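Next up: just one chain, as structure tokens, the form predicted on its own.
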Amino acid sequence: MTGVGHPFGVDNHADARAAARAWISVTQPGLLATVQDLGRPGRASQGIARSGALDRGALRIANRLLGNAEGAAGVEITMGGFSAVLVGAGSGDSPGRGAGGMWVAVTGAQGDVTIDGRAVGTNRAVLWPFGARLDVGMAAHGVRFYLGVRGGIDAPVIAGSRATDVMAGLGLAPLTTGDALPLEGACIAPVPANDLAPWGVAHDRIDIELWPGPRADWFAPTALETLFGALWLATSESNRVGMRLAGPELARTRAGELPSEGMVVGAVQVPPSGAPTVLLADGPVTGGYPVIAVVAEASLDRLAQARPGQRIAFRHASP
């Protein structure tokens, strides 16, 4: 647990005014950086995936540390290597370094976070001065960092969300050098004077709970034993759409493919190769491979932080 303390209160109205005259200028996006909130649930019938932060718990923590609504948009940073400058009205109406700044918090994966070369750490709210550069180093553990800013990122709202869906092309495109992200300024509470933020991601094996899938009867009885008894490896063939796993083959008793049917986040599809793929937030809402199991909602955040080569063990979900 990481303690967070501030010596004085924070004025919501002053922060909203500052946000209206400030933006984040991306100087280095890293491997993949996208704007994410809690996504677009309940729109599968329209062909729209849930999308949103893969590690929703980490985004919620960042927003809680900043006095934001839990669904305020932040930046999801894959593996680190991200840097940006906070631009604002520092002197008169001229953007640049000046008095004040914006409160920010970085959560999720573990790695070095600095502001103008000064280590500020993760899982705590810190002041990002106007004109200063924030750097998120490469992740030492986990995969995805979440950069929250007080008031949230002001990205276009599409189908009820500011989230970037990389498969469907909804929302802002993945961030590139020179992109400017305006701030929304929608604070709902002061930055907590004292708070505790859980921190830490699995360094070795990740345990994931599964519910039975709708097509488990397409597989040999030994397939379920293998699914729960083997140790699986997250592969590099993983992204926001899905995670491919390496391990023993899951034998099927029925050949051929299904007509396309509805999919949910966490569906464990098994193609003819027998190697399972877990659909993630930007995954398709329909698919033709049988689903042997579905990742429990509570385990999705842990799966989002699985690095290539990390071991995954499946467990039966408890009601």
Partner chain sequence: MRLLPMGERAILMEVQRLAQVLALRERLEVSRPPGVTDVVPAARTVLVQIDPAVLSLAQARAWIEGADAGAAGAAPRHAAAHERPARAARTHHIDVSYDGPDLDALAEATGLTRAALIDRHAAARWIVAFTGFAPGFGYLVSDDWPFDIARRVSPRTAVPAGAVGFAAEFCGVYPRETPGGWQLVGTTTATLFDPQAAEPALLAPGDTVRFRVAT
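Residue numbers count along the first chain shown, from 1. Computed from a predicted structure; not experimentally measured.
If you look for the form predicted together with its partner chain, you will not find it shown, but the lines that follow are about it.
- Its partner chain is not drawn, but in the predicted bound form it has a heavy atom within 4.5 Å of Val264.
- Within this chain, Asp301 is remote from the site of its partner chain in the predicted bound form, having no heavy atom within 4.5 Å.
- Residue contact check for Asp217: one or more of its heavy atoms lie within 4.5 Å of its partner chain in the predicted bound form.
- In the predicted bound form, its partner chain lies within 4.5 Å of some heavy atom of Met167.
- Just one of Ala180, Val157, Met138, Ala173 comes within 4.5 Å of its partner chain in the predicted bound form, counting any heavy atom, and that one is Val157.
- Shown alone, this chain has one stretch from 234-242, 108-116, 157-165, 68-76 that lies within 4.5 Å of its partner chain in the predicted bound form by heavy atoms: 157-165.
- Using a 4.5 Å cut-off on any heavy atom, the residues of 284-308 that reach its partner chain in the predicted bound form are, in sequence order, Thr286, Val291, Val294, Val295, Ala296, Glu297.
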